Ligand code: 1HN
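Only one chain is given next, in structure tokens, and it is the form predicted alone.
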Amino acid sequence: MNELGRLEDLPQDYRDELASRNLVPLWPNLRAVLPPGVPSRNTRPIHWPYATLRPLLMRAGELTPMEKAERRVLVLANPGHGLENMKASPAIYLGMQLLLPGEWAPSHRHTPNAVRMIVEGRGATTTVGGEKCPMERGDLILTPTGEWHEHEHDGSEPVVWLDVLDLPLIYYAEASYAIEGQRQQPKAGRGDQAYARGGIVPTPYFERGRAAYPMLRYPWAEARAALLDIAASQPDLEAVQVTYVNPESGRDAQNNLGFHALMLRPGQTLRLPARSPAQVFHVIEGGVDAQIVASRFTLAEADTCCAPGYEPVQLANRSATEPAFVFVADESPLHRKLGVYEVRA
């Protein structure tokens, strides 16, 4: 490519005149916004070990009562984007949230889409649009844009989950806001029970109404069983992975982010190709070594790491006898909608 002119090549009086009229010359900045071959990326490979995060989260429970917090969360921030921006990637926000026995995180709704990946504990529920969803380890629970949701804990031990939101994207679009509400009255029926079997859905005219998100809770027991069945029935399949989808449409479970569960066979090393979207990996069961660019992370259960887009990722199961299971969140639905999704060998 030809070398472009620099801003400092222009006379100062001309630059001042442009600035006074809110004008910017493109040519000195063109390579910054359209770099050759590969996009500029601020997302860094980063690892958040749960063993070091958990004590700080529990201390937050001691220091800050729920009425002072509304949502007691430690944000997993990527330093490449600046910690104050609270981003894991350009479109993904991550937070570890704590709910203690007897607590109620009050009802609200907001424009960003959110999911909850349950990390530990029992006895809590999330109520979304009146549907009361149990929270068990490994479950995925949706709180889609605009839906009222609240969290309640009737158990005896702390419950922790990983929040994944498209908050950075919605905030960038200047469309992010929340509204507080009253405690919801749970209604009968649960989507995870109505859509409990693959290929079988409730007959439409017996339904209460076809909701935009007919299934809000994706039990880990079902996803885990599906992965094991796929691995057993297709022993030569390299990547054993399932995607969380809307059971009525077959499309991604939410609008902008994609969610998947990946199984690594005992002793398996899997190379994921370079794709345009950034990715987040959270270990549900087992231990995994992750190689991302020049960074190597040793991931234990409940650990989380992030990978920038356009880079291959290598995952290795450290156990020679037991499978490992990984929750994956990525920006692929957004990239497909924008027409920029790509896979590179």
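Since this is a predicted model, take the numbers as computed values, not measurements. In this text, residue numbers run from 1 along the sequence as written.
The protein also exists as the form predicted together with this ligand; that form is not presented, and the subsequent description refers to it.
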Pick from 263, 118, 128, 167: which has a non-hydrogen atom within 4.5 Å of this ligand in the predicted bound form? 167
Of 132, 224, 110, 137, which one comes within 4.5 Å of this ligand in the predicted bound form, counting heavy atoms only? 110
I'd like to know whether residue 248 contacts this ligand in the predicted bound form, with contact meaning heavy atoms within 4.5 angstroms. no
Give a yes or no for residue 153: in the predicted bound form, does one of its heavy atoms lie within 4.5 Å of a heavy atom belonging to this ligand? no
Does residue 93 reach this ligand in the predicted bound form if we count a contact as any heavy atom within 4.5 Å? yes
Test of understanding: in the predicted bound form, would residue 71 fall inside 4.5 Å of this ligand by heavy atoms? yes
Looking in the predicted bound form, is this ligand within 4.5 Å of a heavy atom from each of 97, 149 and 163? yes
Heavy atoms within 4.5 Å of this ligand in the predicted bound form: which of the stretches 264 to 272, 189 to 197, 102 to 110, 239 to 247 has them? 102 to 110
